[in-house]
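Just one chain is shown here, as structure tokens, and it is the form predicted on its own.
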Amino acid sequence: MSDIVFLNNKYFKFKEAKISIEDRGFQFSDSVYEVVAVLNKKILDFDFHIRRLKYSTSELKFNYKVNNNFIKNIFQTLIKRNKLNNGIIYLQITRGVQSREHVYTKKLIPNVIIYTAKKKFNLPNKNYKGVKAITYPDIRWGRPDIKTTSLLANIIAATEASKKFAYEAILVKGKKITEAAHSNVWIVKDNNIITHPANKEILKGVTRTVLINIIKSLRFKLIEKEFSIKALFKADEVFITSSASFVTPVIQIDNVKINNKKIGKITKSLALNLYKSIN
């Protein structure tokens, strides 16, 4: 965990960083966040994260203007002061502090919290591994395209996956796959790469966006469409993407083996090309 934290224009030791118990992020999940990967001290996909942060704060009408250079300087300072080589930067912006009331008042002053954490990534090297996933009902609120801290449904799904010794929970709405508890979901069938379209039913993942550009550059056939749980189980390959998972192969879902529990060729190729693009 961070030794040094940024909170509202000041740097604190982690244990000394505090906000009011009437902060709306604490009481109502009235806040947004980003998780940004750091690899070999390099901040990954910064511009994409900032673009999504601006979208989230705008959709929720926060009284906060996102300043790219200001935030990047904080990130770089925390990387240096916390001696972070590989890990994540967590940024959260809350609407602010107000006496408890569902209706928020205008022009509240947001709380801005940024800290770092070390993390080992599943990279496409000799230790690259496939993971197990489960399926779970998608019971999230109706706007998962906004990256809010309202994650209780995700937490329930992810915890259920952990109980079953699985890495991720793939979410099912009706008979369709949306995404996963903390990642986007992709399938490969007959050399076609398929993923859910970026609409208001899923979060437009940063790694998802980067990978789409790579897929197009490699001239693979990409199809953005809804797909069923049946298609998921019958896929030639399955993988998930996120800022912390990069491209992670899924080799078993529930009791169904995917590609005989081997990492697929297309998945491995995409993982390698993504890794090359960030080095």
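Each residue number is its position in the shown sequence, starting from 1. As the structure is a prediction and not an experimental result, all values here were calculated from the model.
What comes next is about the form predicted in complex with a small molecule, which is not displayed.
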Practice prompt. Go through Ile134, Ile114, Ile187, Val206 and name the one with a heavy atom inside 4.5 Å of the small molecule in the model of the complex.
Written response: Val206
Practice prompt. Have a look at Ser56, Gln252, Ser242, Gln27 for me and say which one sits with a heavy atom within 4.5 Å of the small molecule in the model of the complex.
Written response: Ser242
Discussion item. Would you classify Tyr33 as touching the small molecule in the model of the complex, given a 4.5 Å non-hydrogen atom cut-off?
Written reply: yes
Discussion item. Within 4.5 Å, heavy atoms only: does Ser150 come near the small molecule in the model of the complex?
Written reply: no
Practice prompt. Give a yes/no on whether Ser183 approaches the small molecule to within 4.5 Å in the model of the complex, heavy atoms considered.
Written response: yes
Practice prompt. Give a yes or no for Asp138: in the model of the complex, does one of its heavy atoms lie within 4.5 Å of a heavy atom belonging to the small molecule?
Written response: no
Discussion item. Given a 4.5 Å cut-off on heavy atoms, tell me which of 63-71, 47-55, 225-233, 212-220 is the interface stretch with the small molecule in the model of the complex.
Written reply: 47-55
